[in-house]
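Just one chain follows, in the form predicted alone, and it is written as structure tokens.
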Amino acid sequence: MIDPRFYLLRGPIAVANLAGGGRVQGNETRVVSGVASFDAAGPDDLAYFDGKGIAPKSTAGAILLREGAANSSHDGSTLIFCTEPRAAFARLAHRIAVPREFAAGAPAVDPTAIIEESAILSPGAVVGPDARVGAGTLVGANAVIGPGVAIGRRCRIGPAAVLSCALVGDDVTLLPGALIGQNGFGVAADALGPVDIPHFGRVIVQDGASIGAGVTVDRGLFGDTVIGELAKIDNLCQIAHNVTVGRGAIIAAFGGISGSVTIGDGAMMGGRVGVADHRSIGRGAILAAGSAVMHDVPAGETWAGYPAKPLRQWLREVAWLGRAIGKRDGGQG
């Protein structure tokens, strides 16, 4: 369900007004008022199915899908057939819901914002409508706290940090220039060309986490991106949509975490580690600097390399390669 603190719902809108020339099966006058993932959509939501084969059962009010993907389990939904459902959803979703924005000419601190006693707003700080800043929190110069954002107590929000669609716990530190809750990177394409996928989720930053300078943490596509308690993220890292960073996990500088990755409690990543999407990093796992993770990493293991593999295996392969090169060079000499 879309969080109304962060998104403006424009509906309800009739399916007939969304079809755009696509073939409709079912009730064209049916109205939808929200958007949701295919698995979680309810009878008032628009969803899409972009997978191969027959779409599984869904309770969505309206579904965008390809010809041949429907079956009898969708009798309760209105179906809109199109060539590229994901791209069609990207082009239609803004007609149903959009992120809340600052009003033109609004004051720097909106009158509906709640600034608790002893919170400090530095010069140039902007606080949007219905936002909340907890007691003892310092908001740095030129930081932007977006509509509906809630920040807990005793936090430190660095200069020029920007927060959107985010809920932040107590004792959290954001260093200068951190960007929290921006639209994630998702692109779909159809005959009209590539189009950005809008994101309707949130970012949850739990108590005691710290996020470095220039870090970006993208909001979820529909669900949440979560930074766990006491997690430590170094400068210039990228945390993509729907990532979960476990309690006390540590990510060193230049880390790049792709979408829908799960990082277990206490996991540690050296500098410049990259993780492919939908991977799982187990509890207490260690990834050496520069690792490129293409597979799930079991709990407690140490991996290294490009592509990453268990440390002992990687060390053996590096040693073997060194010996092989030495023999070749010796033979030529």
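Just count from 1 along the sequence shown to find any residue number. Since we're looking at a predicted model, the values are computed, not measured.
The same protein also has a form predicted in complex with another copy of the chain, omitted here; what follows describes it.
K.L.:
In the predicted bound form, do 123, 138 and 156 all put a heavy atom within 4.5 Å of another copy of the chain?
P.N.:
Verified in the predicted bound form; spot residues all in contact, yes.
K.L.:
Evaluate residue 234 for contact with another copy of the chain in the predicted bound form, applying a 4.5 angstroms cut-off between non-hydrogen atoms, and reply yes or no.
P.N.:
Although another copy of the chain is absent here, residue 234 would touch it in the predicted bound form, with heavy atoms inside 4.5 Å.
K.L.:
Using the partner position in the predicted bound form, report whether residue 316 sits within 4.5 Å of another copy of the chain, counting heavy atoms only.
P.N.:
Contact with another copy of the chain, yes.
K.L.:
Can you work out whether residue 30 and another copy of the chain are in contact in the predicted bound form, taking contact to mean some heavy atom pair no more than 4.5 Å apart?
P.N.:
No, residue 30 is distant from the partner.
K.L.:
Using a 4.5 angstroms cut-off on non-hydrogen atoms, would residue 291 count as touching another copy of the chain in the predicted bound form?
P.N.:
Judged by the heavy-atom cut-off of 4.5 Å, residue 291 is in contact with another copy of the chain in the predicted bound form.
K.L.:
Of 47, 285, 55, 304, which residue is found within 4.5 angstroms of another copy of the chain in the predicted bound form when only non-hydrogen atoms are counted?
P.N.:
That would be 304.
K.L.:
Sort through 223, 198, 169, 214 and report the residue having a heavy atom within 4.5 Å of another copy of the chain in the predicted bound form.
P.N.:
Checked against the cut-off, the match is 214.
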